[in-house]
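Starting off, we have a lone chain in the form predicted alone, written out as structure tokens.
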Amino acid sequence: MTTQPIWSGTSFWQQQALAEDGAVSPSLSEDTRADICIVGGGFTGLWTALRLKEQAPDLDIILIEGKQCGAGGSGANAGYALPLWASFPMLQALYGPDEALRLCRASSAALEEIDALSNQHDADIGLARNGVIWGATCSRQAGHWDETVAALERYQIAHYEPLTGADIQQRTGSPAYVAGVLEASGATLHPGRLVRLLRRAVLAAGVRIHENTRMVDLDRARPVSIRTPGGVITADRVVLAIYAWSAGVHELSREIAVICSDAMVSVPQSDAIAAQGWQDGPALFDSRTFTEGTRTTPDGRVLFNKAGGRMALGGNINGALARPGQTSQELRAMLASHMPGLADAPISHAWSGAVDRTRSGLPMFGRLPGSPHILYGFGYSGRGILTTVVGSRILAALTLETDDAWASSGFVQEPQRAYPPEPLRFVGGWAVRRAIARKDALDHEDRNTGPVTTALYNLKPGRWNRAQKSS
């Protein structure tokens, strides 16, 4: 017998983590002064606060979060901790091989830093180093990884292990995949618990945190004034770490398109997972443009994640998150196609998370035009767990004005107005979204797309637009 999940504005991860550690910092209730104000209590804001305190312990830092830390994308993602190697061809084309290798290696090292922090604080973040399979569920999408594998081999890097469909079924019990590659260094974790760990570490470092404190207005003068419902913060420098909500910042609004990702998780199914040979097995995601992924959780649940949900019109992200892009029945049918042996597992939670997609699919960091004392970082495009650790090094370097490789990283970019203004962006995005979904479906029917679908599909984010311009 199945149960219907209650669609929630709070992810399963966040609900579980808050039930285990429900401490909430008081909201701001008076005017205050700080050296640095960080806006956003997700991975970027928390890692950046920690990094700044490590490098400059005497700094007076205040961090504000509109809800509870992790309430945005950091607590709503699927919990895949993947380094940047899959993006190596684009990184190389945009920034050159040396910077591409440096960024990929730094993202791999980020997992060790996360592990070390959890050990230091004796925190269980559900880290499972069982690898992640990047696979294909139809012959037309098989080999999507070939370009990446070949590019890495030119530098004697054998990062991926090729797998047949039979290999994947033997490791996971899924008969859906025809081929794939194993990223042995890939991992999964509990993002809600990681947020709580970072929050505790940041508080222990002496950072002032005010939750349930949203930024109402940002005065770009120097010093900066950040108005909140309970008081005004005056700061010399500001770090905007607000992910998809960066769409509400005028200077950044045309750099991202916000599209939600839908997820659901079952009640514990440890026996069923073990019966199909998936216990301690790798997580999976496929080669659809709107990827579908399955993984297990630390308490023996099955999680299914589907990209390409509802789009946000302008900065109305909360409106996009209010209802799912995929119904529970649709998500269950997708799960059944990947894991038929687990298709009848009762579902306990379902939710959406906002994804900040840049035109290139890569993150951006920098200073607001005309306001060099206001920093920003966003655009993880759904792969932020490890990349935010790298991003915090960039933001710390920009904030402290250090002259190093992080301050001049390829990810440091000025806004370029990559997307058209609203409502053209929403209308065009809707059309491209339909084309992507149609191509994904036709690939699985072994059919070609027509010229209109092909033209619209080729406008999708993450293609080689900027790479081609720079070559």
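Position 1 is the first residue in the sequence shown; the rest follow in order. Since the model is a prediction, treat every value here as computed from it, not as a measurement.
Below, we turn to the form predicted in complex with a small molecule, even though it does not appear here.
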Given that the partner is absent here, state which listed stretch (143-151, 208-216, 267-275, 331-339) has heavy atoms within 4.5 Å of the small molecule in the predicted complex. 208-216
Between Leu375, Ile233, Ala136, Ala76, only one gets a heavy atom within 4.5 angstroms of the small molecule in the predicted complex; which residue is that? Ala76
Exactly one of Ala176, Leu94, Ala354, Leu127 has a non-hydrogen atom within 4.5 Å of the small molecule in the predicted complex; which residue is it? Ala354
Are any of the heavy atoms in Pro324 no more than 4.5 Å from a heavy atom of the small molecule in the predicted complex? no
My question is simply whether Arg383 lines the interface with the small molecule in the predicted complex - judged by any non-hydrogen atom within 4.5 Å. yes
Do Ala71 and the small molecule share at least one heavy atom pair within 4.5 Å in the predicted complex? yes
With the cut-off set at 4.5 Å between non-hydrogen atoms, does Trp245 touch the small molecule in the predicted complex? yes
Kindly confirm or deny that Trp85, Leu103 and Leu362 each have some heavy atom within 4.5 angstroms of the small molecule in the predicted complex. no
